[in-house]
Structure formats: structure tokens, C-alpha cells
Ligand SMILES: Cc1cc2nc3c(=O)[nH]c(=O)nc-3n(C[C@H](O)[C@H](O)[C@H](O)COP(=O)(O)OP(=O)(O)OC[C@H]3O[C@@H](n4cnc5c(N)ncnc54)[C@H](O)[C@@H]3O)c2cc1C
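The data below hold one chain only, encoded as C-alpha cells and taken in the form predicted alone.
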Amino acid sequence: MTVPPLPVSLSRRRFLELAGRGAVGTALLAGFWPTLAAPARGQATRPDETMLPTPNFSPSQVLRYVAGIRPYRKKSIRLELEPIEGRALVHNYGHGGGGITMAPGCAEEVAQMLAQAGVEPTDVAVLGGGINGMTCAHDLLLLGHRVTIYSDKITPNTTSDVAGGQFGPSFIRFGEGDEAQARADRMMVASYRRYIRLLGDEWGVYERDNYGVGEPHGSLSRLPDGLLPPVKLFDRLPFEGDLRPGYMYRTLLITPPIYMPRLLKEIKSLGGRAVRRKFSSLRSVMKLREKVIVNCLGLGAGKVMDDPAVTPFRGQLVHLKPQDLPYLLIGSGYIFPRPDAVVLGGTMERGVISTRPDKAMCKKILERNRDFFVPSGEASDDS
């Protein structure tokens, strides 16, 4: 699926016109895109005779073990404007495992809230240097705001840099009711359209076939109807020796080690700044000089904003050397082949905040993903 690009003549100039009129709303980024047609669901079929390649799971292929902390929020993501001491404090945190997926859509909501509040281009402080903070900073710069990012960590050292990068609302809550779901759908559509525009090596965004076992489930079932091309069902998956039924859908893979530095470069080219600073409380935040503050602190928002609903969930990963594997796989864990590494996941460890990988657990991740490809009845090789 290809979405035509935004005409260059409309980009920055048009954004500034909209900001000046206080008419950003849905016209911000998303309003310029054509509507995505809803595709029909694919029919059950057998894969062709060509089987997909099996990853090389040899210990010699291991590059590193990695751990990151998902900033999950029990109730829902917090996305709202809070007037405080004559300032506009916009909250945008609690994205769990869906930070990359939701970042562009959430950034558009932030810009819309400020426009609806009548905020003219001004000095803005964005708290947090992850993908949500940087995306908000980027969009507000395009709208004429003067933006400084305040964060104790900058790419490549943020939680976002550790993420696998598959497009899908994984381990995130949107709230209850039709209105909350409609808002979530709107944001996911906006994010998808943004990433489609950035396909290619420059930003590290790619279309990939994602295979899974059994019936479609998980984050796929939470995406808006018609957003992705049709799901295809298989009587058996296209892997050697595999007799299990499954499915495949076409989705996106965003490569953090490429995307994050490229986004920071774009922010700096627009005049944005990144300042290293750590906040311990709301009081320390209110010492900033900016009248508009956008809170994208992720896990740190729990302490700074005294929000007990924020809960850490550690995810551990194994990075293998890059391999030419033209698919993603959700099986005994997950496998995301990227240009920088083959990423194997993962774990969901509630309440763990250490980013030091557990070697024993990472070895189990490697074994589980390898064993997915062992034909039924064959013993696995633990070497």
C-alpha cells in the first residue's frame, strides 16, 4: 500500500498558516492525506512451494543482550492538557510497548490541543527525549514554536532506542468507551500515514510481512479496520517442516537505531535544542521558563507527576548479526530482522526497572525462538 507524499509546497508554509489561524486540528498532517480504503480479508490458502529461510541461531551469531523498560499505564495512556499556574501542561505518556506505533498520532493530538486552547507559536519545553518527546518537538517546530527538549537521556540511550520497532499497539491501554477507541483509531491511522511517507533506508522504515501461528490475534486485532492490507490465512506456515496453520499480514518495521538519530537531526535543522536535565518532581518542572510544557517523560512521569498508575515492565532482547530474512515472525517470542540486527524477543517482567540483561533469560529467549523452527518430533540442539 502506497500513500502519495505531501506536496512540498504545502509542508512548512501551510503548517504555519494553520497554526496562525488556530486551525490545526485534524488538518495537522493527517488532514492532507487521502483516505485509506478498507481491504477485504484474505482467504485461506497454502503457501507456495518456496519456503522462507530459517534464521541462523548459532551462538556465534549473537551480538548482544539488551533490556529496556516499557512505561505502561494501568488506566490508559495519559493524553490531556492541564492548566497549571497560568501555564499549559500537556501530558503524553504511558504508551507501554506501543510508543513507536503511537508517537506521530499522539504528537498530532498534542498540537491539536494547544491549537484549540488558542496557544500561538511560543517557547515550548518538551520533557523526555524518547520517540514521543522528539516527535512532539518536531511537529511543534513545524508549527512555528520554539522548542527545547529536556531529558536526562538522548538517543541512542533512550528506551525507544531499545524497542523492536514493529508497528502495532502492543501492551497499551486506550481507555474505555467508543470515544476513547475512536481517538485511538484516529491516532493509529495518523501514525501509519506518517511512517508510510518515510519508507526507505534514510529513516529506516520498511514494509514487512508478519507471520503468526493460528488465528490472527494480539495487537493486529486492535488496529483500525482497513488500515493494513488484507490478512492472509495459511493451512500451513511457509517454513521447512512446519505443519501448523497460521496467518500473515503486511505491516511496518521502524528501525530505532536509524530512525531516532534521523529524527534528532531533523529537529536540530528546524532550530530545536536538546538539553540534558533530570526532573525529580512537578515543582522542579515548574522552574522551567517556558509557558507551554509537554510531558513525554514515559516511565519518569510516574514519579515526577505522582502518578501511581505508571508501571514498569522490563523487556529483554537478543540481537543476532544481520541476516537476509524477508519477514517478521510472532511465534515462540518474536523475530524482527532489521538492517542492524535480527532482534529476538522477549519478556514481560512487571516491576523490574534494571536495564542490565539477565544472561540466563536471554539464552532462553534464543532457545525459544530457535525451537519454533524445529520440525515436530525432532529434538532441539542446545549447543
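Residues carry their position along the shown sequence, with the first being 1. Worth saying up front: this structure is predicted, and the values here are computed from it rather than measured.
What comes next is about the form predicted in complex with the named molecule, which is not displayed.
K.L.:
Picking from 106-114, 262-270, 89-97, 229-237, which part of the chain touches the named molecule in the predicted complex when contact means heavy atoms within 4.5 Å?
P.N.:
Every other range fails; the passing one is 89-97.
K.L.:
With the cut-off set at 4.5 Å between non-hydrogen atoms, does P337 touch the named molecule in the predicted complex?
P.N.:
Because no heavy atom of P337 falls inside 4.5 Å of the named molecule in the predicted complex, the answer is no.
K.L.:
If you check in the predicted complex, is G333 within 4.5 Å of the named molecule, heavy atoms only?
P.N.:
No - in the predicted complex, heavy atoms of G333 and the named molecule never come within 4.5 Å of each other.
K.L.:
Might G168 be said to contact the named molecule in the predicted complex, defining contact as any heavy atom within 4.5 Å?
P.N.:
Taking the distances in the predicted complex, the answer for G168 is yes, it comes within 4.5 Å of the named molecule.
K.L.:
Considering only heavy atoms, tell me if G68 and the named molecule come within 4.5 Å of each other in the predicted complex.
P.N.:
G68: contacts the named molecule in the predicted complex.
K.L.:
Is any part of 253-283 within 4.5 angstroms of the named molecule in the predicted complex by a non-hydrogen atom, and which residues would that be?
P.N.:
Contacts from 253-283: R277, K278, F279.
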